[in-house]
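Quick heads-up: it's one chain on its own, the form predicted alone, in structure tokens.
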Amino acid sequence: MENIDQLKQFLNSPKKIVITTHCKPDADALGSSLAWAGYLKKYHHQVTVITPTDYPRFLHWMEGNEEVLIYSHKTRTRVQQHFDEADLVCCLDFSACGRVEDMEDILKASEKPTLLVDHHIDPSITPTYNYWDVEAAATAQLIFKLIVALGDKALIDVGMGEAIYAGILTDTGSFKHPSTSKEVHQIAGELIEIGVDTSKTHHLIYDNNTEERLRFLGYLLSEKLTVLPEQHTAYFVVTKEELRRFHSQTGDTEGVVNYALSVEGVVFAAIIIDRGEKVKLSFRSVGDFSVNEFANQYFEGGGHKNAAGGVSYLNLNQTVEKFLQALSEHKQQLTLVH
């Protein structure tokens, strides 16, 4: 961050600060936001974390969760007021305004100073203060480094550390993704020294399923997994009716795409979900096949080289047809990757 001194000077006196992140926040998005909020509150800033949508129940344990303001039509006026009164708007774990969905107009209209902390490819937000690093495994990793760069590592307490660790844990796939660097492990070690119970954090995120979610997962694995050996691809297609049948809640499909990627010989995986007003797609890959480019080219999306998402406004069947057509156009590339 080139302007760290300017940011530190800006934060020297109490400010009104809004922290926001992308829709359907995951552990990295929420953990980064709550850890950064916890830090700012130690300097007596008035901090409001605003999420564009709800998020999984298995993240509600994070310190500060009860104070999060979730955007909706009912809370829009309150959200607008916080943005209007803010001295600083912090954009964490996203770098394109469209990622906040229905809150996009409020964010775009804000003319307040901004801080961007993110690790996604091709940012389109031009912030006042920029802490962007595509090499980082998680935004939570960057939050840790930012606090250290501000000279306040000693202020990271257990609650903040748990939120940071949760973000790193999930965005590295439990430290198995290629982005898991020496620095990532060093930060995890420092969080343990602070007092973070890593086993507890892992349990709260991964071992906290509802019975219905497990039955839904079992159904998807037994009935909905399609494997295309010649194209080294596997994918799921989930209908609205299936979501209703299993009383699917926010977060219930998170991570399911990784099961498709775990199939022997598969280098590209997808899950295609009918959300009613749109179809959401999530992509994962191993090796050199860029799902970020694939998502951007065909489904108005993006993300990372090996993890990305997209959207389609066609119906579910048409979206699957488009996906399969796009897949056929990359068959040779996928074979070479394999």
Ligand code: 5GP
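If you're wondering where the values come from, they're calculated on a predicted model, not measured in any experiment. All residue numbers refer to positions in the sequence shown, first residue = 1.
Below, we refer to the form predicted together with ligand 5GP, which is not included among the displayed structures.
Between ligand 5GP and the residues A307, V68, L40, V286, the one pair within 4.5 Å by heavy atoms in the model of the complex involves A307. Between the options K145, H177, H120, K224, the residue in contact with ligand 5GP in the model of the complex by a heavy atom within 4.5 angstroms is H120.
Residue contact with ligand 5GP in the model of the complex: T51 places no heavy atom within 4.5 Å of it.
By the criterion of a heavy atom within 4.5 Å, K280 is counted among the residues contacting ligand 5GP in the model of the complex.
Although the partner is absent from this view, H232 stays clear of ligand 5GP in the model of the complex, with no non-hydrogen atom inside 4.5 angstroms. At the 4.5 Å threshold, heavy atoms of G303 reach ligand 5GP in the model of the complex. In plain terms, the part of the chain that comes close to ligand 5GP in the model of the complex, with a heavy atom within 4.5 Å, is 307 to 315 out of 60 to 68, 307 to 315, 43 to 51, 30 to 38.
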